[in-house]
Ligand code: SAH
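Before any questions on how it binds or moves, here is one chain, the form predicted on its own, in structure tokens.
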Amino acid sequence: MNAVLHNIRIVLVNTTHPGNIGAAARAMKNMGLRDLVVVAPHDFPSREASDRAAGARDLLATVRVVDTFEEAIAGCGLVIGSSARQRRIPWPLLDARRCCQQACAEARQHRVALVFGREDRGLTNEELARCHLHVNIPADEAYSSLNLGMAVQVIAYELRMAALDGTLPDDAMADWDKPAADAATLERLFEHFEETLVDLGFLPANAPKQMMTRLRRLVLRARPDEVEVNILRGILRSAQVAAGTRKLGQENT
């Protein structure tokens, strides 16, 4: 069980109140989680964070502070973003229990990130578009706003219960021949897709990015492995060569 929970990362983005970081650390330690990453917090380290962490100050001392969303999810084969609002383009959405069951199942194979946004407005659409799945805690409609620390506590509890249950759903990629493409690899694929579609005249350079959002959703839903991503990028390179926008043998980043 511990090996599964230790492969799950909690990410807090642009946290305003340092006490919420301490509360998240306490919630995580209560439930056996230990990987906490904070993206560009407004105030951390902080005495208030330490006070709220109480007996979890040792976990708080190991928090990694990074500058970008990309750094926070680096190396993760599954990224799940918390979202309380409806999107113009629907995304695969799970409730907390089903989400945590899938997270624990996949944490047996690769690192998983669960990402929480800002206290006042959550994650941006751009950040949510970098997530394979979204999770929603179905609170009462009369007052559905959850404190950040409380939201982390709910998810941490469900993660522990899923790990304890012992009847996790099968991970469809458990016996896969190649590892799942991580977040950075997929991001390079999306950049290459956009570059190629512009080169081919299929996507005007100044066009709204709704098409790219839908393309992201398609690829993230498919969960390609590293070799499959390389195949897709090889096709894109060949299309660029045929269009005369790149030379044969020229490599992408």
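All residue numbers refer to positions in the sequence shown, first residue = 1. Note that this is a predicted model, so its numbers are computed, not measured.
Note that the form predicted in complex with the named molecule isn't included here; everything after this is about it.
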query	finding
Candidate from Ala151, Cys76, Leu159, Ala107 lying within 4.5 Å of the named molecule in the predicted complex - any heavy atom	Ala151
Any non-hydrogen atom of Ala84 within 4.5 angstroms of the named molecule in the predicted complex	yes
Residue contact check: Ile137 to the named molecule in the predicted complex, 4.5 Å heavy atom	yes
The named molecule contact at Leu146 in the predicted complex, heavy atom, 4.5 Å	yes
Contact of Val115 with the named molecule in the predicted complex (heavy atom, 4.5 Å)	yes
Interface stretch in the predicted complex with the named molecule - options 67-75, 120-128, 99-107, 179-187, non-hydrogen atom within 4.5 Å	120-128
